[in-house]
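First, one chain by itself: the form predicted alone, in C-alpha cells.
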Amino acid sequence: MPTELIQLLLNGLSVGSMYALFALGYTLVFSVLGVINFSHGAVFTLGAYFTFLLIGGNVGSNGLLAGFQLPFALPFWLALVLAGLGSALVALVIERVAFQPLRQRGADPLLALITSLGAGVILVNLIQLLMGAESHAIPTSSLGNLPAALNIGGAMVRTVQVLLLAIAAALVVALTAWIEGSRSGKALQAVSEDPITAQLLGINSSRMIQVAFGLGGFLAGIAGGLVGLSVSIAGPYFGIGYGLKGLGVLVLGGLGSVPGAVLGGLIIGLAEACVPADFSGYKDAVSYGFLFLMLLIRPQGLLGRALPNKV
C-alpha cells in the first residue's frame, strides 16, 4: 500500500473517530428522549479545559482566573479520565436543570431543545468569563516519553493521531459491549424503544435518561481533552464546530443509532482527509456536501430506521 494512502487513511480515521466519539453523546440522549442536546458542544469544550487545568496548565492573561494554576499537575491520562468524569457531572446538572422539569410537565420536546441551547450558551460564556477568549495548548510533552511520530508502513504518523484512534475505538467497543451485554444497557435500549412501556415493566426511565446524559458527557469530555491535545483549545467557542460536525454525523449515521454514529464519523473523517492540502479550507463543504447527497439517497441515514408513514 502506498505511503501516501496509509497516511491519508490514518489521518481520516483519527479525525473520524473523534467525530464519532462526539456524536455518540448526541446519539445516547436522542435515543432516550428524541431530542438533540445542543449543550453537548459546551460540555466537550469543558472537557478540554478540565484536562488543561488538571495537567497543571496556566490560565492566560484574560478572564477572572487570569494567571491561575492548580498547585499540582496530574499525568495526562489521569487528568483525561477526571475531565471526562467532571464533564459527565456537568451533563447530569444540565439534565436536572434544563430537561427534567420540562419532562415532568409533559412539555413539547422542542422546548427541551431550546433550553439545552440556552444551557450551552451559558456554559460557553461562563468559560469565557473565567478563562478568557484566548487559546490554550495542551503540550504533547504531557504524553511522557512517547515519540512524537510513529513509522507505520513507511508513513510517519503523529503519535497523538494513533492514540486518538486507539482510545476512541476502545471506548466505542466498551460502550457497545455495555449496551448489548449488561442489564442496564438492555434497560437503556428498552427506554429508547418505548419509555412508557419500559416504566410499566419496572424500568426506571428517569434513571436511564440520567445514565445516557452521564455517559454522553463523559465521552464528550474525553473527546474534548484528546482534541485539545491534538490541535489545541482554540478558545471557549471551539466546541461549536465539532458540535455542528457531530450533528452531521448523527444524521448521516441514523438518528439514535450507535453503530451509525461510528460509521458516519469515520466516513466524514475520511472524506475530509481526501481533500488536498491546497483546498483544506473547503473541508467542511466537502463533508456536508457528501452528507447532503447521502441523505437524498437514504433520508433515514445509513443505519437509521425508515420513518413510518402517517395517514
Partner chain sequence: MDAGLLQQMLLGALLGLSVYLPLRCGQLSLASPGFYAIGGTIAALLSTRLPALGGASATYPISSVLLEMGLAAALTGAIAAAIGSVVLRLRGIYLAIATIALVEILRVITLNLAITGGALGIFGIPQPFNGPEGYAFFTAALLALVCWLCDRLERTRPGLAMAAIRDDELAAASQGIDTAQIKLLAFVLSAVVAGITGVVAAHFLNSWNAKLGNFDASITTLAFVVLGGSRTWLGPVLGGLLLTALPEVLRPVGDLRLIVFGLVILLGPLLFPQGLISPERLQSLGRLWPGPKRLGRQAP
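Basically, rigid core = biggest C-alpha set you can superpose within 1.5 Å across the two forms. On a predicted model such as this, the values are computed, not experimentally measured, just so you know. Numbering follows the first chain given and starts at 1.
Unshown form predicted together with the partner chain; subsequent notes refer to it.
If we take heavy atoms and a 4.5 Å cut-off, which stretch out of 216-224, 156-164, 112-120, 75-83 is in contact with the partner chain in the model of the complex?
Partner-contacting stretch among the options: 112-120.
Thinking of 36, 97 and 282 as one candidate spot, does the partner chain come within 4.5 Å of a heavy atom in every one of them in the model of the complex?
Every residue of the spot touches the partner chain in the model of the complex.
Name the single residue among 59, 54, 258, 251 that comes within 4.5 Å of the partner chain in the model of the complex, judging by heavy atoms.
So the residue touching the partner chain in the model of the complex, by this definition, is 251.
Listed residue (171, 129, 92, 152) with a non-hydrogen atom within 4.5 angstroms of the partner chain in the model of the complex:
By the 4.5 Å criterion, the partner-contacting residue is 129.
Using 4.5 Å between non-hydrogen atoms, is residue 147 touching the partner chain in the model of the complex?
Contact with the partner chain, no.
With the partner left out here, check for me: in the model of the complex, does some heavy atom of residue 139 sit within 4.5 Å of the partner chain?
Looking in the model of the complex, residue contacts with the partner chain do not include residue 139, since no heavy atom lies within 4.5 Å.
Does the partner chain come within 4.5 Å of any heavy atom of residue 30 in the model of the complex?
Contact with the partner chain, yes.
Answer with yes or no whether residue 291 is in contact with the partner chain in the model of the complex, where contact means some heavy atom within 4.5 Å.
Yes, residue 291 is a contact residue.
Taking only heavy atoms into account, state which residues of 72-107 are within 4.5 Å of the partner chain in the model of the complex, ordered by sequence.
The stretch touches the partner through 97, 98, 101, 102, 105.
Using a rigid core alignment, state whether the CA of residue 295 is displaced by 2 Å or more between this form and the one not shown.
Residue 295 C-alpha, core-superposed: shift of 2 Å or more.
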